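Each of the two blocks below gives one form of the same protein chain as structure tokens; they are labelled structure 1 and structure 2.
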Structure 1
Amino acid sequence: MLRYVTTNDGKVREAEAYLEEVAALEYDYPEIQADSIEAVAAEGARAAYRHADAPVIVDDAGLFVDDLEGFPGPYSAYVEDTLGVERVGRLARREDATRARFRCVVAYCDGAAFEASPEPVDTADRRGQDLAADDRASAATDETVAGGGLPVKLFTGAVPGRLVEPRGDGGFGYDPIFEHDGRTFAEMSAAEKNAVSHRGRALSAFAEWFQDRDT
């Protein structure tokens, strides 16, 4: 059974659309301070694997505003908690910086060296580096990240959009101010959002690799 480290039932339901056997694991892993979501997710996956002693996935995601040099990016949760979603949206619109994208990284760790993966295991310390191009919408990274003796495989997803006045009653976080293809994420049903979301794209890429690895 694959463990998804989250307390968000919506994330688990989204993962179930791509994975046959996945269950939530409630574990408050230590979140490192880093300037990339890749590094945060990778270290979280290592800690969760040590805790569970079973295959795990951890995701980290953020809102990246193109004209604000990617802010808030890896600090999205902190900024949401301190400023609030509506103030972030007002700030971006005031600066005429409405082009944005959601990005997500899914990190997988099972204690093995990924012999089934066609990519080599990378043993470099990449903490604090951005491993994936923002425009790579739905693909595994071309390297495996390793550190502390535990290899971690990363899969990325991104969806472009723009920041608008809040609309819609669904979703969570920045969803009400993030518009994609004419509607905010908060105006979409769960199924509609999952079909285009950054997390769905990352999960899809992971599921394709994981199925090949598991057979």
Structure 2
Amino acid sequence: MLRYVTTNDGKVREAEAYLEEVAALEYDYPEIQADSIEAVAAEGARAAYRHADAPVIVDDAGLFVDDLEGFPGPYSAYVEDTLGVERVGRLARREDATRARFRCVVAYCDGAAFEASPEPVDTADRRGQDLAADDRASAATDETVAGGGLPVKLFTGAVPGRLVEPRGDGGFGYDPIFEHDGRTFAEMSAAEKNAVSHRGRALSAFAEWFQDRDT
């Protein structure tokens, strides 16, 4: 059975809508320090697969402020822990840098190689492609990362928004300060957030691929 590996209950609540026959596995996989969430997710999936000895997905996500060069990006968890989301929002507003996006990468590993997919690429090449993927704000890209050991398949999703004063009680993490289409993610139900979110896009791309692969 597929395992969704995370320590974050908020992610599990959102993932449930996409993943039948999936067990959440609470495992704090070691997060490598890297400037791309693709690299973090891929390494996390390899470690989680070795730990679980079963097919796994991990998802790594972050908030990227457009006019702050993508800060906090891959360091979003650290910044949430040290500054807190309200201060991040204040900082962005003070800098007049409120355009932002969430990005999510779902990484799948089952120990096997994958069939033909977009060319395997090394990490440096992949970074260039990630920037383009940001702009598309869609989950249409996936790729197999062969470098560094076990192959890992990646699915990405992004959603644009604006940083505002905190509103709403739902969601988790940066959701109260992230407004999309007039409402913050914390003002939406899980289903409403999923319909537009970075995680929703990445998970639906994964679920479609995984279903086809199984049949």
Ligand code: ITT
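This structure is a prediction, so every number in the text was calculated from the model and none was measured. In this text, rigid core is short for the largest set of C-alphas that superpose within 1.5 Å between two forms. For residue numbers, the reference is structure 1: its sequence is counted from 1.
- Between the two displayed forms of this chain, it is structure 1 that matches the form predicted alone.
- With a cut-off of 2 Å and the rigid core superposed, A207 has a Cα displacement that falls short of the cut-off between structures 1 and 2.
- If you fit the rigid core between structures 1 and 2, you'll see the Cα of E192 move by less than 2 angstroms.
- After superposition on the rigid core, displacement of the C-alpha of V12 between structures 1 and 2 amounts to 2 Å or more.
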